[in-house]
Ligand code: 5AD
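Only one chain is given next, in structure tokens, and it is the form predicted on its own.
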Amino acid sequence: MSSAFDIGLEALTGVRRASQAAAPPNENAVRGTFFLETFGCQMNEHDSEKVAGVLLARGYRQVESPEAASLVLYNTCSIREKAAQKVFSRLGEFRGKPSEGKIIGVLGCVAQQEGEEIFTRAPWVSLVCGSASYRKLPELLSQLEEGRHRVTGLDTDTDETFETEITRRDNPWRAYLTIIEGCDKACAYCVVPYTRGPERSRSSESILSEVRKLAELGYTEVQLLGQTVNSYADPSRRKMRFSELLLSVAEAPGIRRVRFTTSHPRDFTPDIVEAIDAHPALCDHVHLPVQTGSTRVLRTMQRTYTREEYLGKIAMIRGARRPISITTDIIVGFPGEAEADFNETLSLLDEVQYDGAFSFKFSPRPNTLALSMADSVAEEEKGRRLMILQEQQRKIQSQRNAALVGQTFEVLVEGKSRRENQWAGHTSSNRVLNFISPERELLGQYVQVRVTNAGPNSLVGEHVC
């Protein structure tokens, strides 16, 4: 899930290359080379870290292009139709080319969704593996190395699916941790319950043990992940609530920041806000997807709350003792969405004043209830609504960011520009802050930055020495 707040960081150098160099393969002889491309959200990014860890431990070496790799893997997302199309576009690049012993694999949600049908659409693919089977990758690769033509890992085990034995971390300061997998909700448009399986939570003891290890390794920020992260239900005897888990993670020595995503409005309770208020290490940012501002469409989507109930959650967050940034997801053009429904979404933007929003045109996905609904909104109209919504949200973000000029924020420095004295990082509220500093080395440090200018997607400032 790339964020509007992330604009600007991709132009910076040092973070990704340095992090990969920090996790070399073991001393075994190199079995081969692998190329891994990731599509989708933070959970997919973390899944790729798990896969890379497995491969590096097995003696593979990562390379920068599919042409240079003996093993080519695409970790896929199927939430949006366009994301799935990108994967098959990538696979199409191998059509008619001699494989020369190259193994091509599809991982993640598209793999789980399409299953062995991928072999029909792209016969040159040898490996299809869903996210619940990444622990089995060594076994699957062994079968391919021994000459088997095709292998699959498509079960949705509810046990031991959270972390692989070795995870390669792609950021030297921030670490992702999956605390809950799958989803028990039944949103009409969403394929996640099918591709990721039912909700199953990791034990609090296991989570806290890994957090402590990460802190010992020098990680200062952790981000707890789940399709519905705040639906966490501790399976251990402690029965720790999500809010209690947040506080326990924040208390780990060496941890400076704790983030979590993505929350479901139904399970967003007052104790979560109380926890954020209680501990400064818990970041002042909540991502709370609404999808639409119309109660009628929310019911069709089977989102389990009304507009008024959602606004009650927003009021609860706004009532915190410190300002909390709020971001959201919105779908336009869902089946049956009338102009009046769309206008309710626009009015919700004005009422909530989001700090960021991911917005998309509805696209029907396989194995969802919405697939059988009449797609009554024309593509051209979906595009028009999306453009109107994004422009309105852009104005809101410009105004909200402009109000921050003159304020000073703590920034975790994550990138350095090619231009002299130019740095960038994120604030606790997850805003990108680009700033000037004469310091020679700031990467990984927490510094104070005064905001001097603002745009809709990022802030500009100067280092306060």
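Treat the numbers as computed from the prediction; the structure is a model and nothing was measured. For every residue, the number given is its place in the sequence shown, counted from 1.
Just so you know, the form predicted together with the ligand exists too; it's not on screen, but the next bit is about it.
Taken together, I79, Y189 and K361 are fully in contact with the ligand in the model of the complex: each brings a heavy atom within 4.5 Å. Interface membership of R365, defined by any non-hydrogen atom within 4.5 Å of the ligand in the model of the complex, is confirmed. A residue is said to contact a partner when one of its heavy atoms sits within 4.5 Å of a partner heavy atom; I331 meets this definition for the ligand in the model of the complex. A residue is said to contact a partner when one of its heavy atoms sits within 4.5 Å of a partner heavy atom; P289 meets this definition for the ligand in the model of the complex.
Only one segment in the set 289 to 297, 238 to 246, 134 to 142, 347 to 355 has any non-hydrogen atom within 4.5 angstroms of the ligand in the model of the complex, and it is 289 to 297.
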